[in-house]
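Next up is one chain by itself, shown in structure tokens, the form predicted on its own.
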Amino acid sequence: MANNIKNGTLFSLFWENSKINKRNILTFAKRLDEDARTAKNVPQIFYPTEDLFLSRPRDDLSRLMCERKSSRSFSDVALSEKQLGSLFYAFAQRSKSTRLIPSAGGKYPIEVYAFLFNVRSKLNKKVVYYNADNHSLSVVAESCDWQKEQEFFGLNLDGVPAVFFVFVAIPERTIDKYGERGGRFILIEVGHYAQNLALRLSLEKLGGVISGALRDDEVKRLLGLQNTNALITLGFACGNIKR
């Protein structure tokens, strides 16, 4: 198997076996279709008594959390650079050694890339990398086209997202210290990135939806990471919601 991860052979095997590609995409889509036809009731753990009813907070954070929802319908209104900065700030560095997101051992294995499809900026139609240390963007590729590349992103959307974030893991940073257990920490950390971004979207009155079905190898190629051990974890399409 290509790109085995040092000290994380089993995690590497899991990752390879869970990839989405040309061969298994139809089987994956069939599973999603079958699930969509089933009842949506989620089984709950049951205890015979409810011993304490808790008060609900009425603060700004609770409001943002309530407003967070998945949106798949995007308008053609472009994002401003100010809004772009607000969204990327979800992953910013807050001191010399820490970011706004917790990380096992301070290893920060997640790197943030984005496809800018509809932004009022000189970087529109670029693929960019986020520099957390100084809150800036670097161009990775000169152009991107949603119509040509959307099949790699694993989403069926109404309209074109303004930005499509991709969270990329550099697994050695965590696994070299924690071994196989580090694989869990990487996936947990990705969830923190997605939640931080979701809250920024709520604050900016924007919409977005997560994609967990990216075509790993194709997206790595678009990011210029095809000859590395980088792992494509999650995608997140964002933009102004179609009203």
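What you see is a predicted model; the values in this text were computed from it and never measured. Counting begins at 1, following the sequence as shown.
Although it is not shown, the form predicted in complex with a small molecule is what the next lines describe.
- Query: Picking from 122-130, 76-84, 149-157, 167-175, which part of the chain touches the small molecule in the predicted bound form when contact means heavy atoms within 4.5 Å?
  - Reply: Looking at the partner contacts, the answer comes out as 149-157.
- Query: Between the options Lys205, Arg63, Arg181, Lys69, which residue brings a heavy atom to within 4.5 Å of the small molecule in the predicted bound form?
  - Reply: Checked against the cut-off, the match is Lys69.
- Quick one: does Asn196 come within 4.5 Å of the small molecule in the predicted bound form, counting heavy atoms only? Residue-level check for Asn196: no, no contact with the small molecule.
- Taking the shortest heavy atom distance, is Val209 within 4.5 Å of the small molecule in the predicted bound form? Flag for Val209 set to yes.
- Wondering, does Val219 line up within 4.5 Å of the small molecule in the predicted bound form on heavy atoms? So Val219 does not count as contacting the small molecule.
- Task: Evaluate Ala29 for contact with the small molecule in the predicted bound form, applying a 4.5 angstroms cut-off between non-hydrogen atoms, and reply yes or no.
- Result: Flag for Ala29 set to no.
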